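Okay, so here's just one chain, in structure tokens, the form predicted on its own.
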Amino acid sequence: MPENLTRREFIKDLGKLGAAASLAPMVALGEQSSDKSVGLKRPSFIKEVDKPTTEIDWDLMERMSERERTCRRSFVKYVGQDRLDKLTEIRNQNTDKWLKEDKPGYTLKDVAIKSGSGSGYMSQSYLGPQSAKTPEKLGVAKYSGSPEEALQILQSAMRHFGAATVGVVELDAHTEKLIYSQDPDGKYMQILDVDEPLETDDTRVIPKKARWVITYTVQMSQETLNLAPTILGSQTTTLTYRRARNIQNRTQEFLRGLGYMGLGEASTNATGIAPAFGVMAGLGELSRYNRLLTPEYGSMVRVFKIITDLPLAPTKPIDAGLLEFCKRCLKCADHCPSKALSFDTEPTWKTQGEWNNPGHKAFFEDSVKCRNYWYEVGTNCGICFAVCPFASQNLASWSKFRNYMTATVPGFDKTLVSIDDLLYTPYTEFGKPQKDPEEWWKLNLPDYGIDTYQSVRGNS
């Protein structure tokens, strides 16, 4: 029983749930597919909006250097070399000790599958393979469909390549600020009035005519990430990033075959701020754990970007009640072993450190605390993703009911969290996986541990 809900209160709320559940046929009617966004089918209770639910002050927003400001690349700047050396020693000692102790989630088979998950991917580059024959080479005119038609075929192609959801952000004086000023590998990102993209030893040039940022998600395995923070749990993230590299390469070649450029991420988390582009593209809303939270897959996605000059119909931000839900739900913060996540009741303009980009209201995280814990457990953790109430697949009637109530009845959020505690979060001990890692090896999971039909079936 959750500590913040007495048995009497819980039974009372279950009564309310029973009454609400009797409206299930009406909820089903509310889940008729909507095609307000071209090619993106969603329940009608997910509203398209002109502005994202995250408040933005574009005047305060600035282009930031991924290389010099994020904890991913500049952790040593925030903790110092001595501390980093000590953390590295702790990580190596812990993982070696747990391997020899045969600790579940850190055993030899777990380490081996992590190695396998990190293999078998295409190389990643800004300009792409550039091997597809262009329309000019084929002796035909380049693709000339309308922006809506172009979006439709792009989404169809990318879904076929393995993307989960696909949206588009049009670059303007505001959204250009979401492009990094400097990529993770140290190259400066310039947006110039030139005909062709350019890459040198220290610079990448984005032509001003490339106005559209294709933003897409790739599913992670919810069943596998339940094993966070172990090595076995973290390898689903590794696998997802490797699959995304293949999707990027194939999309770059698809765009080249149509007669257009596809400027991809040259390395992990490059080009621009992924959660921000995901929010602006309407793929989800910004969450308490300060990452993208989606209606289709909850927290079980990673987000990627490709810039193109193919004119595409932009997709609009959405309001699915997710940010409002996060204001009342504290599960990710409660379960965070490093206490890096915010317990505030409302998002704030005040950042936690230089690693946060100003100019928007958010539940800003303490990335230094988070990264310290990564070294302690020897992985990228992921507990905040795993315990999110929306991490569960949207296949059960309960999930559909939860999504509908989240979008339409905000006052019911705390009850939904309490039910999720009972159904999906048996353990509250810091750093303990929600399921037994040894049992994972006995499961009969689908390909990649994900259901590729999930969003289609969920909205049919």
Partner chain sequence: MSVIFWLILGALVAVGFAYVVKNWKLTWYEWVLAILGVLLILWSVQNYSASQLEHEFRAATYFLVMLGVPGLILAAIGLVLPAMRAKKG
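Residue numbers count along the first chain shown, from 1. Quick caveat, the model's predicted, so the values are computed rather than measured.
Separately, the form predicted together with its partner chain exists; it is not shown, and the next lines address it.
- For the candidate spot formed by V49, T294 and T315, no residue has a non-hydrogen atom within 4.5 angstroms of its partner chain in the predicted bound form.
- Among heavy atoms of T54, none comes within 4.5 Å of its partner chain in the predicted bound form.
- Although the partner is absent here, S44 lies well away from its partner chain in the predicted bound form, with no heavy atom inside 4.5 Å.
- At the 4.5 Å threshold, heavy atoms of N226 reach its partner chain in the predicted bound form.
- At a distance threshold of 4.5 angstroms between non-hydrogen atoms, Y424 is in contact with its partner chain in the predicted bound form.
- Screening S342, N269, S234, Q222 for any heavy atom within 4.5 Å of its partner chain in the predicted bound form leaves a single hit, Q222.
- Checking T406, N394, T70, T415 for any heavy atom within 4.5 Å of its partner chain in the predicted bound form turns up a single hit: N394.
- Segments offered: 78 to 86, 386 to 394, 306 to 314, 177 to 185. Contacting its partner chain in the predicted bound form at heavy atom distances within 4.5 Å is 386 to 394.
- For the partner-free chain shown, nothing in 287 to 321 comes within 4.5 angstroms of its partner chain in the predicted bound form, judged by any non-hydrogen atom.
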